[in-house]
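So this first bit is one chain, no partners, the form predicted on its own, shown in C-alpha cells.
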Amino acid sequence: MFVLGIQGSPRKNGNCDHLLTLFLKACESHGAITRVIHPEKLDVGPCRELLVCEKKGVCPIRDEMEKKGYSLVKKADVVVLASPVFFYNVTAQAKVFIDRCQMFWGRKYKLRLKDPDGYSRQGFLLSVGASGGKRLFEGVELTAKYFFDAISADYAGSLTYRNVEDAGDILPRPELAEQIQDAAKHLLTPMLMKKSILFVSNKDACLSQMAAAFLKDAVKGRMLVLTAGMDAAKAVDPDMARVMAEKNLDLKYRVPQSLDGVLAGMDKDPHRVIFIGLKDTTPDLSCANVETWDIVTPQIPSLEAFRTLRDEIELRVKTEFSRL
C-alpha cells in the first residue's frame, strides 16, 4: 500500500508539516509505504494553458513534474494533500502542483482514457487555518475535491483545524492523535482486507501491466491487483501504453516494480500469483496459489504485434476471472 503526501506548506516545521508527518506515521502503522512531495522544492512551473494536454494527453512543459510528480501520483493508492489556508484556498506552491495535474484532467475527460486504479485510489485533505470562520475551509475543500477527481481518486474526507497559526499550535490538541489514527484506519483497512492478485513478468513493462489493467477494470476495486517484474524496466513500453489506450485504458506514467519490492511492501502473501511468459524461471514463493501463463512478447515489436498480444491477454483475463 503506497500513500503519497503532498506537502503544500512552504514553512518548514509548520503545523501542516507536523500534521502530515503524524498522518503518514499512522498510515505506516497499518503497513503502508509512504513518501512526501514538497512542491516548493521541485523545479515545477505554473500551467501556461497551452492546451496540449487536452489534445495529446501530455504536458509540453519540461520540468520536474514529468519525472517527480506524475508517476508518483499514479503509483499512489492514497494521495494526502496537506495545505494551510492562504486567502481561503491552498498555498501557491500546492496550487502550482494541482494546476499542472490538468494533464490528467485532459487525459480523463478530453481523451476519455480510464485510469484502471481509479476504482480504488483515495484522496484525503489535511488543512489548518488561522481564523475561526465557519467557511474557512470551503475553498480548500472544493479545490481538493476537483484535484482528486482529475487524478482519479475518490474524495475520502478531511481533517481541518481552525485557530492554528503559530508553528506548533496544532500539537497540543488532545483530540489530534485519535482523529489521525481513526482517519488512517478508515482509509487503509478496507484496502488491506481485499484479496490480492499479483501478476509477474520479466520486466513489468508490458505483459503484467496489461493483464493487471484488464483485471482492475473488470473487478472495479473489489480486489487488490498488483504487478511486478523479475528484472524491472525503468519505464513501461510506450507501444504497450498506446495500444492499451485504444481500449480506453490509461497506462502512461506507470512505473515498473521489482518483485522483491512489491512483496516487501505487502503485510501478507498475495492470495494468487500469476507468472506471465516466464516458464521455468519462476521463483519459489510461499503463496499457495501460483500459476504460469504461457504468453510471450513479440520478437519483432510493432503496434500490430502489441495489439495481438493485448487481445490475447484480455481474452485470458476474461476467461480466467469470468466468475468475479
Ligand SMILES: Cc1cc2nc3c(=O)[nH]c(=O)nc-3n(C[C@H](O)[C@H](O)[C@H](O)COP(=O)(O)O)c2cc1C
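Throughout, we count residues from 1 along the sequence that is shown. Not measured: the values here are computed from a predicted model.
Just so it is clear, the following notes concern the form predicted together with this ligand, a form of the same protein that is not shown.
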Practice task
State yes only if every one of G14, V85 and Y88 has a non-hydrogen atom within 4.5 Å of this ligand in the model of the complex; otherwise state no.
Solution key: yes
Practice task
Examine L226 and determine whether its closest non-hydrogen atom to this ligand in the model of the complex is within 4.5 angstroms.
Solution key: no
Practice task
Check whether L136 has any heavy atom within 4.5 Å of a heavy atom of this ligand in the model of the complex, and answer yes or no.
Solution key: yes
Practice task
State yes or no: in the model of the complex, is some non-hydrogen atom of V164 no more than 4.5 angstroms from a non-hydrogen atom of this ligand?
Solution key: yes
Handout entry: Close approach of L111 to this ligand in the model of the complex, 4.5 Å, heavy atom
Key = no
Completion exercise
Answer among 123-131, 71-79, 183-191, 141-149 for heavy atoms within 4.5 Å of this ligand in the model of the complex: the stretch 123-131
Problem - Contacts with this ligand in the model of the complex - residues in 223-260 whose heavy atoms fall within 4.5 Å - result: none
